[in-house]
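So this first bit is one chain, no partners, the form predicted alone, shown in structure tokens.
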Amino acid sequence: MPRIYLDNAATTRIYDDIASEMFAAAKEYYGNPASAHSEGARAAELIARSRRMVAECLNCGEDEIFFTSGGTESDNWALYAMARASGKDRAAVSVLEHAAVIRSAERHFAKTDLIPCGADRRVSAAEVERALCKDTGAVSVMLANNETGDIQPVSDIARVCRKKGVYFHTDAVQAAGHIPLDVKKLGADMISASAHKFHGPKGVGFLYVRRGTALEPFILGGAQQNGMRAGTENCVSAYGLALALSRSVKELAETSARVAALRAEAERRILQIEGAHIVSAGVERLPGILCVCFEGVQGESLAMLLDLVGIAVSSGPACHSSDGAPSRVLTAMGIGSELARGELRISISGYNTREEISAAADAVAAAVQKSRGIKA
């Protein structure tokens, strides 16, 4: 049986046609975008075209888009920039954030306050407002969680931060390409995204910076990207990002409906397994992420057993340390440590089929049974 890939929250398979277009572009646009000759000018135009395409998808200006090496750099840059621009020594970030946000906040601010989530797994605007003080210079709350898919009330939080005069950043790495991303409706000062989460290439992302928001260069050197990010621009990867985002946005409604139906079928089948608990059932979340915890098993063991039979899933985010500790995010959501250790994340894309979901559900049931037998 061919392998079944259900770890799309970690990374997605690049669209076949986009991989081909990028290969062709790499041969055609080989000049340095900063060079004054014709080859350089053509490469610079490809960057400009890519930036226009991204701006159209986000409903923003081209000058508000900066290409980066991915979501981690974008998150790091945003926290650094907000620290420098605010001149204040406190940041407030949600307990659900990716390590790229939390660790950056801890580096660039003297004090990092963690904003709790409620029983509904959401970080409310009221809770954010309670976390603010006169020394708070920045707030960061992700748009959608990478483990559970929970969607946060970012536009409400943005209004609170704007009223209080505090910079606000949202990590949209997991959300971009999977739910609508209109920056004017979201209201954030800065937004991070990464191409490989929506069927684009790895190693490229972007940082949206609302016009008028102070921005400090993060990588120093040449004058690329209006002097804000030095280094020879990766025009081919930026083009791949733009193509993938444009296609994802164009097909979003159709793909989301089909993926959500596959997730619902996976949930139905998995809930037949004794001791299975769906995390965030009934909560607004991304269509393709299914986070489930099993009683009496270790999620890492399940993931390894499934890999042996040709099914790729994860026991949490790919960046999480495999030290046996329960997920920081799940425990913050109020899930007990023992149950959280039985976490399995199944993440679905438009490439998956109903037949694959059925086969995977059968394999999960068998792996849980085998894992419990081994433990006993």
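Bear in mind that the values here come from a model prediction, so they are computed numbers and not experimental data. When you see a residue number, it is the position in the sequence shown, counting from 1.
The protein also exists as the form predicted together with a small molecule; that form is not presented, and the subsequent description refers to it.
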Within 4.5 Å of the small molecule in the predicted bound form, all of T72, H98 and Q174 (non-hydrogen atom): yes
Single option in S194, S248, T148, S104 placed near the small molecule in the predicted bound form, where near means a heavy atom within 4.5 Å: S194
The unique member of V128, A138, M142, A242 whose heavy atoms fall within 4.5 Å of the small molecule in the predicted bound form: M142
Region of this chain that lies against the small molecule in the predicted bound form, out of 336 to 344, 33 to 41, 51 to 59, 64 to 72 [heavy atom, 4.5 Å]: 64 to 72
